[in-house]
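Let's start with one chain on its own, the form predicted on its own, as structure tokens.
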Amino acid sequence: MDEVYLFVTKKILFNLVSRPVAWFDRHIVDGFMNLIARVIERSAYMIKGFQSGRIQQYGYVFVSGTIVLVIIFIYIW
């Protein structure tokens, strides 16, 4: 009975279920998580210049962003 159980679990279930699930997890899920990490890292690298500590620059970016959003909303409606 033990040999039948080992055959069913190792040869059939492991090969037909576990290996495809492990491949999907390793390549698709982990690949997607790595992609998200790279996108966040690149975005952080690109916007780190905005954090200069100068209040005038923060105000300029805030007002510019507000104007851009207002123009976008007016254009859409």
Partner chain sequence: MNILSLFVLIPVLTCIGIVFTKNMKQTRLVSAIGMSIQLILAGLLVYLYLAERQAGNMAEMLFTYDALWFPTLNIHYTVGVDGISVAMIALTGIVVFAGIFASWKMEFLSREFFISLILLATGVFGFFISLDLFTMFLFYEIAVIPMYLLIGIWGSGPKEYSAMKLTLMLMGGSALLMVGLLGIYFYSAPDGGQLTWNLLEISKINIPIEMQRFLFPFTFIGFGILGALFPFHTWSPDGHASAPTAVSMLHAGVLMKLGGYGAFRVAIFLMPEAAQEQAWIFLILTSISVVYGAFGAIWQKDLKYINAYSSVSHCGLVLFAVLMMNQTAFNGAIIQMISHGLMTALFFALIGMIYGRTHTRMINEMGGLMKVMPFLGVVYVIAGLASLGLPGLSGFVAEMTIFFGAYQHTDTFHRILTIMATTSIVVTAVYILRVVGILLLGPIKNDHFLHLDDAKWYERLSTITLVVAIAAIGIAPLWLSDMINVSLAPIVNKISMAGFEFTSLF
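Because the structure is a prediction, the values reported are computed rather than measured. Numbering follows the first chain given and starts at 1.
Unshown form predicted in complex with the partner chain; subsequent notes refer to it.
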Inset, instruction - Can you work out whether the partner chain is within 4.5 angstroms of a heavy atom in all three of 26, 29 and 33 in the predicted complex? - result: yes
Inset, instruction - Taking 4.5 Å between heavy atoms as the contact cutoff, choose which of 21, 55, 61, 69 touches the partner chain in the predicted complex. - result: 21
Inset, instruction - Pull the contact list for 5-21: residues with a heavy atom within 4.5 Å of the partner chain in the predicted complex, in sequence order. - result: 13, 14, 15, 17, 18, 19, 21
